[in-house]
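Below you'll find only one chain, the form predicted on its own, shown as structure tokens.
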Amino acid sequence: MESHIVKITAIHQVTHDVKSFRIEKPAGYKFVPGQATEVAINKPGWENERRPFTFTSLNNEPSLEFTIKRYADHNGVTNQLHQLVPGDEIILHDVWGAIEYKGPGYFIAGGAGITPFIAILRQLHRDNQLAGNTLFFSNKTAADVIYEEELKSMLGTNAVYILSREQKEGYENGMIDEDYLRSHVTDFNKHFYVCGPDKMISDINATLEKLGAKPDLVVFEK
């Protein structure tokens, strides 16, 4: 398996527990929006601790970007990543992933599960092909919403935010469940892109099938 040691060039705070990392791009390194790689930290004891992260940059950009949520409840890779500074090194591996754009439809994301969709939506926006796509983005609170303003500027009213633990003006409250999908999806013959916690993916996929979505039009990381 190929690996590349690359430097972090910039870090920005996105939300209270999410940062974006700009990384040097190895020569010839290519990916499709929605794909991921395994990342490790180039420090003693962490070199073999690989974790999957999705590219949130576009393939034609000269550098790579990852948008990474910190899970501070244990001293894992994301906690270590959030302590790094520009100039520190990470180890990249091969590109992989089943999530890619197949055609207009509904993007259903939970929390950090938005990350595969960021590059896809950015690419569609750049290519002026966002028409016909809707995003349903579920989070616990408004403070957890990643890239809210950018997504809103790209999708307008087709970016819908649902909060499960907070009631706030401008956001829907509740869960993306059968009742929600039945009342918000107007065409179950379109593509569905699903990413989030494992249980959310399996629940939504089962619900979509029940509501008439075609299994071969549901795109998720298997």
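All figures in this text were calculated on a predicted structure; none of them were measured in a lab. So that there is no doubt, residue numbering starts at 1 and follows the sequence shown.
Missing here is the form predicted together with a small molecule; even so, the following discussion is about that form.
- Taking a 4.5 Å heavy atom cutoff to the small molecule in the model of the complex, the contact residue among Leu92, Ile120, Leu135, Ala112 is Ala112.
- Although the partner is absent here, Arg51 sits close enough that one of its heavy atoms falls within 4.5 Å of the small molecule in the model of the complex.
- Taking non-hydrogen atoms only, Asp127 never approaches the small molecule to within 4.5 angstroms in the model of the complex.
- Taking the partner from the other structure, the small molecule in the model of the complex has no heavy atom within 4.5 Å of any heavy atom of Pro86.
- Contact check for Ala40: no non-hydrogen atom falls within 4.5 Å of the small molecule in the model of the complex.
- The partner is not drawn, yet in the model of the complex one stretch among 183-191, 65-73, 151-159, 165-173 has residues with heavy atoms inside 4.5 Å of the small molecule: 65-73.
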